[in-house]
Ligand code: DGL
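In structure tokens, one chain follows: the form predicted alone.
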Amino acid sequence: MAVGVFDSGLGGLTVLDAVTRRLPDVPFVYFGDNAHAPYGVRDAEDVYRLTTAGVTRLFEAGCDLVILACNTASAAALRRMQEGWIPEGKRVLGVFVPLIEALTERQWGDNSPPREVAVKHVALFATPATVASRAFQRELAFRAIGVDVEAQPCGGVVDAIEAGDEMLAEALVRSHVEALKRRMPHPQAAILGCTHYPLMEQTFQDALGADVSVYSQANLVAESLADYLARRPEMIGPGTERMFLTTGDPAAVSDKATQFLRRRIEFRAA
């Protein structure tokens, strides 16, 4: 009864932590493609190839449902996967839709036409690849009209977080917020469009100001997944073992993940 969580590296552990707390009886299998991280600087074809390889490994581990906890993979690969790659009986879901539904105050699964919403000016902070895909704007257009989105590619932030350099990550976040505010001085809401960014949420909030609502993904994805599995319990796969898989060096990734979540995590080779 396993569910897979895929990420390019360690950022998806923020989602894993939230879904594990929300669904403690579900064994989750985590796949980190650490050998090829970060995805945010790769082209769409490369992201698609790496994502399908990782998701295939999660299917092999007994997962019928896989969450792409990587925004870049969700942006650059998910639609193409859903249009013809995913095997019958399997599902792959991304992390954008729960975030957008929270922003637009729509219920999960609400497929009514797009409508006016209260938030008109939205700042999107994401990797360069996610920004280039315009996937967030495309998904938002299905649900809301009249929303101005200003996107800021946050180069270097993921690398600094993965390297454990918090001071550099904070400095980069402040720099990216300043760059965005030169183009959109008064955003009403900010989207942290990368699963690494919740670790910098307070820095984003401080740089943006207390009057800006900051939307982070992990807990929203956890609630959406719980709702989805309540409606589709058959999508809990046959796997029974909790696992952490990596394409990188298991010992090194385990040490970084332990620092990341502040509890011991043991990865094995994928």
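Every value quoted in this text rests on a predicted model; they were computed, and no experiment measured them. When you see a residue number, it is the position in the sequence shown, counting from 1.
Note that the form predicted in complex with ligand DGL isn't included here; everything after this is about it.
> Between V122, A135, L103, V158, only one gets a heavy atom within 4.5 angstroms of ligand DGL in the model of the complex; which residue is that?
None of the other options qualify; the answer is V158.
> Work out which of V131, C194, A76, A190 lies within 4.5 Å of ligand DGL in the model of the complex, going by heavy atoms.
For this set of options, the contacting one is C194.
> Choose from 206-214, 63-71, 221-229, 50-58 the stretch whose residues reach within 4.5 Å of ligand DGL in the model of the complex, heavy atoms counted.
Only one stretch passes the 4.5 Å heavy-atom test: 63-71.
> Is there a heavy atom of G40 no more than 4.5 Å from a heavy atom of ligand DGL in the model of the complex?
Contact with ligand DGL, yes.
> May I ask you to list the residues of 247-270 that have any heavy atom within 4.5 angstroms of ligand DGL in the model of the complex, in sequence order?
Contacts from 247-270: none.
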